[in-house]
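Quick heads-up: it's one chain on its own, the form predicted on its own, in structure tokens.
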Amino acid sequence: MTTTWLVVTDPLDLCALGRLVPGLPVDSIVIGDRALADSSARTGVRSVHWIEPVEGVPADAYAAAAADIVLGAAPGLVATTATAPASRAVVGVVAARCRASVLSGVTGVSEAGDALEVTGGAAGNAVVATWEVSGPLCAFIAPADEAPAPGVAVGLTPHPDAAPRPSRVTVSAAAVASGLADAARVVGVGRGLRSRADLAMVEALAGSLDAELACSMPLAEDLGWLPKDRFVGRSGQQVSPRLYLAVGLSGAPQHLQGVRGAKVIVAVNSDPEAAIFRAADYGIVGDLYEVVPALTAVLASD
């Protein structure tokens, strides 16, 4: 039986539970306030080990202490989402110490004899890949749509002596809102864009529409072409504009989750079979490098 641990430093991490090995007990290590620990205790896990950060100390500083607790149980699987930096830090420490395999974008885990069978998206979620992993596995789980329904709470095991690494938050400043939440029009861009310099072309289109600019998660998280508060999706911004213009976006489920409140979706993609067209009210099949300047020119002439 695989010993399974869930790392929780953010409520969204609880949404990983539905992807884990069905029927196997899960232990949680929680770094956060009492409310987060109590929420974790009501999700059907076997136990909750709780570290409450000292005021002014970031959760990441407890990564080594949390890893000590997890590794003391000789885990076969350690999982979290890729959303919270502190959760990633804990899993990283565990993986380094026990020389575990690490997989991201995982959508399901099951037992296959003495090994684990893992499924996940590959090639930009264009295909589903299956891996068989022997030995410890650290997995970054694609979160399910929602956390398990609250049930009977298990008791908490606090760790008041958990020592953080010497780091403190010295300055906190409110981030400037992106404006996406209240925007009437949004232009979203995806991996169909070939280079960062070409963003100027899409920005011109957004300007001609008096629209906010958004993007898919890879453009913000992986490439850094736009700030992270500009990516739209299940784990990013949720938008409800009157018009959402999707440029060079394939229509991955994670992204579509963030635009399901849009009144009208218009898609531009060179692939007539792209999933985005199934969600769109109107579609333009064509090269965005031809379509976007043409649309901008028409709008500018009005």
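Numbering starts at 1 and follows the sequence shown. Owing to the predicted nature of the structure, the values given are computational and were not obtained by experimental measurement.
Another form, the form predicted in complex with a small molecule, is not on view; read the next lines as being about it.
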With the partner omitted here, the residue among A41, A61, A252, V70 that in the model of the complex has a heavy atom within 4.5 Å of the small molecule is A252
Would you kindly say which of R191, R97, K228, H159 lies with a heavy atom within 4.5 Å of the small molecule in the model of the complex?
R191
4.5 Å heavy atom contact, S28 and the small molecule in the model of the complex:
no
At the 4.5 Å heavy atom threshold, is D281 in contact with the small molecule in the model of the complex?
no
Would you classify S87 as touching the small molecule in the model of the complex, given a 4.5 Å non-hydrogen atom cut-off?
no
Whether A79 contacts the small molecule in the model of the complex should be assessed with a 4.5 Å heavy atom distance threshold; does it?
no
Stretch from 179-187, 228-236, 70-78, 109-117 whose residues place a heavy atom within 4.5 Å of the small molecule in the model of the complex
228-236
Residue pair A59, Q238 - Cα distance in the model of the complex, closer or farther (3 Å or more)
closer
Hey, the CA atoms of Q238 and L36 end up closer or farther in the model of the complex than in the shown form, with the change being 3 Å or more?
closer
